[in-house]
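Single chain ahead, written as structure tokens, the form predicted on its own.
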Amino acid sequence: MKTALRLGAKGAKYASLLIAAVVCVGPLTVVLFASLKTKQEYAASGPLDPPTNWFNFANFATAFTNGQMLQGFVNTAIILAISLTGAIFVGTLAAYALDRFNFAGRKLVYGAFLLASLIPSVLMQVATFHIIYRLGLFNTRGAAILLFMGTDVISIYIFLQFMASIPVSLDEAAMIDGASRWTIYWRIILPLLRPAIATAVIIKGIAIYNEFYIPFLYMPARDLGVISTSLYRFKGPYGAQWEVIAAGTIVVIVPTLVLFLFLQRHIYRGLVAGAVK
């Protein structure tokens, strides 16, 4: 009886893994097949029908030239670099202040961060757009950089969770030696937060890389397009070039997929490091 139950549990485990793999790989397979088909072949075939020519890369060339995806990669890289640097700086400073200082309204700040994470961002877009426009940042990279660089609640909680494992005695010993609060943060706290910073950079970096709404709304100029909005150029009033969009999607997916495969261990370790120490 126990052997049968053990075999059943093992079979259910592998079956669930197989289903999860199909759910994840299935859409990617459909997109890959579509990217290698011509317009006529795409219209006449099913989504799971393989292409007749596996070396048809014309759609990829069209996506790069007409969609200006190279310019989109450049704009995305600039926004990513500045936004991540500012977000990590702001997030670690906020987490350091919340964890190490006792001040009036500390619980209120915690509650405000929690409340901000519960409110859908789309509800605040009217006020946000008005602020960006008044600052003169509309239709500039600065709009996306400022919005992405804003306080990230999830990153702050990751930093707070990890910072709880750093002994306060390190701060006290440094203060006895004459170190200021800024020196403690810069020379002690920040280096020890590297695993949490790596996790936050990967999570927020992928989110910025895949973001469509903010660049589309605040940077409508053609030369300011990022990789997500570059694909939208192939959607017109009389239809969409889905085979070209599929090719562009593959190009967009590859960097994030490679990055995740190489850094997935750091993501998992950073997420649980503060909880187990």
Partner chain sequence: MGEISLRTDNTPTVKPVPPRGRAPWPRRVVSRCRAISRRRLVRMITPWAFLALPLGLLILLTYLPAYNLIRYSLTDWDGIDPTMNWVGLANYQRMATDPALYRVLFVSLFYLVGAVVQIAIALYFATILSFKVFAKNVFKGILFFPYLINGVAIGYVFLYLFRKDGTLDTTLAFFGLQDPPQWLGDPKLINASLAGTSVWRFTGMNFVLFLGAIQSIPGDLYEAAELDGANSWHRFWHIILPGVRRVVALSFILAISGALAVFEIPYVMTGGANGSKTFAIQAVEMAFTHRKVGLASAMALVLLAMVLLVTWVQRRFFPDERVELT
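As the structure is a computational prediction, the values presented were derived from the model and not from experiment. Numbering follows the first chain given and starts at 1. Note that the rigid core is defined as the largest set of C-alphas that superpose within 1.5 Å between two forms.
Form predicted in complex with the partner chain: not shown, discussed below.
Report whether the minimum heavy atom distance between residue 60 and the partner chain in the predicted bound form is within 4.5 Å. Residue 60: no, not in contact with the partner chain in the predicted bound form.
Taking any heavy atom pair closer than or equal to 4.5 Å as contact, tell me whether residue 75 reaches the partner chain in the predicted bound form. It does not: once the partner chain is placed as it appears in the predicted bound form, residue 75 has no heavy atom within 4.5 Å of it.
Residue 71 near the partner chain in the predicted bound form, any heavy atom under 4.5 Å? Answer no; every heavy atom of residue 71 is more than 4.5 Å from the partner chain in the predicted bound form.
With the partner left out here, check for me: in the predicted bound form, does some heavy atom of residue 93 sit within 4.5 Å of the partner chain? Residue-level check for residue 93: yes, a contact with the partner chain.
Using a 4.5 Å heavy atom cut-off, which residue among 198, 81, 97, 190 comes into contact with the partner chain in the predicted bound form? In short, 97.
Stretch 175-208 - residues with a heavy atom within 4.5 Å of the partner chain in the predicted bound form: 175, 178, 180, 181, 182, 185, 206 sit within 4.5 Å of the partner.
Once you line up the core, how about residue 47: does its CA shift reach 2 Å between this form and the one not shown? Comparing the forms between this form and the one not shown, which are aligned on their rigid core, residue 47 does shift its C-alpha by 2 Å or more.
Cα of residue 62 displaced 2 Å or more between this form and the one not shown, core superposed? After core superposition, the displacement of the residue 62 C-alpha between this form and the one not shown stays below 2 Å, so no.
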